[in-house]
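Here we start with a single chain on its own, the form predicted alone, put down as structure tokens.
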Amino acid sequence: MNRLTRSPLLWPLLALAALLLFNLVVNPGFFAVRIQDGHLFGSLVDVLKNAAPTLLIAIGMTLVIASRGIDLSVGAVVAIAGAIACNSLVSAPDPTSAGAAVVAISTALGVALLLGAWNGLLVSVLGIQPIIATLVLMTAGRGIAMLITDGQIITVDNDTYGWLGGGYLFGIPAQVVVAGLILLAVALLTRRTALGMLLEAVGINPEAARLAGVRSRSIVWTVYVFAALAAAVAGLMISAQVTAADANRAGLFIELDAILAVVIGGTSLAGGRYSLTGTVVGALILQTLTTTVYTVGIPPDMTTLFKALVVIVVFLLQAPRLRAVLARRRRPAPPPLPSGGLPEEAAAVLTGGPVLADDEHTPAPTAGGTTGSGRGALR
């Protein structure tokens, strides 16, 4: 029980449970899940489906933050990936064919790998601060997406491509399946191999890790490439869901939601230890918050304010000082002293007087073999 109360996931899990219960009170059918045409439907399924793109980006952001970095360009990568894929589809000889969808998806993912390699080059090789290095692509990337789409919203009609946003696999939404498989692969790769330990070592002390023989530059470069790849997959999901590429709004501020999900889950921005489970909980909290706003009827303009208030409360409950204060208040008071007061030995130590031997009730001998004031003690 004590281990549970000290877990950094305690308050995020309680916050998620409180949000779910609140939605259940407002909407008694919130937990209802039904099967229609072999597919799962329900509010909980919608929460998982809509949280999948943010979760994907947050997974990549978790690894980047664990390496003592940050990636502000993932939102721009989302816009670029959707723009490239949709532009490739409308330019294909047969825009509705499965082959055109495969080419469009492959092209978008390939460009994302190059963008991630660019970020990794700036951070790991050139030594530029991560927030500055990724800010370059954050500002320029959305302009690149606007150039690709010529400032227009490109609509597509391709069933294979649309499956990423609205399809199902074994009755489960495709977005949930893809995000779950990527999460499982990352968890196995980082927790069942030495990669996770090396990543934490680089995040805690990059110089010490380098001196210990860890190829810190390669690890940092790799996590930025993976973060861009995860953002591209999320961008394909978002554009496939609406069957269009909107370079101006696609992925707007999604990098902030990803960072919030990572931090809510207990991963420190200082680098080092990280929690993929906490990232999943953080992404679900943010999406459940959005669903709650729509359920209650709060105006969309107030969504960010409502989200900020709840996030601040969760952060305060996670703060070490506040948790220490709460722990001291829950701690039982020490038992009272015996009626006789302090023992003779303890009183002698506090007052500076001689310690009386138990058997003779005389001053105990000092180091020099004498008693009393200790004039014969070693000087």
Partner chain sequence: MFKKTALTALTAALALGLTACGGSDEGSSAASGGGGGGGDDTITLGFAQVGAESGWRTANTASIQEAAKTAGIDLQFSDAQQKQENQISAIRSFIQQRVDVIAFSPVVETGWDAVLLEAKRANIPVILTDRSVDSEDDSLYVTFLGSDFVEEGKKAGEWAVENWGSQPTFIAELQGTTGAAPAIDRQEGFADAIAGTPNLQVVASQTGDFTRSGGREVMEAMLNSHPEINAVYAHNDDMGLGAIEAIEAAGKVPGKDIQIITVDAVKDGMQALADGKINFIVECNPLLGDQLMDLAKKVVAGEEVPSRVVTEETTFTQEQAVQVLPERKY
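Model, not experiment: these values are computed from the prediction. Positions refer to the first chain, counted from 1.
Note that the form predicted in complex with its partner chain isn't included here; everything after this is about it.
Does any heavy atom of residue 287 come within 4.5 Å of a heavy atom of its partner chain in the predicted complex?
Contact with its partner chain, yes.
Looking at the partner-bound form in the predicted complex, is residue 249 within 4.5 Å of its partner chain by any heavy atom?
Yes, residue 249 sits close enough to its partner chain in the predicted complex that at least one of its heavy atoms falls within 4.5 Å.
Report whether the minimum heavy atom distance between residue 93 and its partner chain in the predicted complex is within 4.5 Å.
Result no; residue 93 lies far from its partner chain in the predicted complex.
Should residue 244 be counted as a contact of its partner chain in the predicted complex, where contact means heavy atoms within 4.5 Å?
Flag for residue 244 set to yes.
Using a 4.5 Å heavy atom cut-off, which stretch among 178 to 186, 74 to 82, 208 to 216, 297 to 305 contacts its partner chain in the predicted complex?
Stretch with heavy atoms near the partner: 297 to 305.
Ok, 155, 277, 107, 97: which has a heavy atom sitting within 4.5 Å of its partner chain in the predicted complex?
Checked against the cut-off, the match is 155.
Counting only non-hydrogen atoms and a 4.5 Å threshold, tell me whether 27, 39 and 46 all contact its partner chain in the predicted complex.
Answer is yes for this spot.
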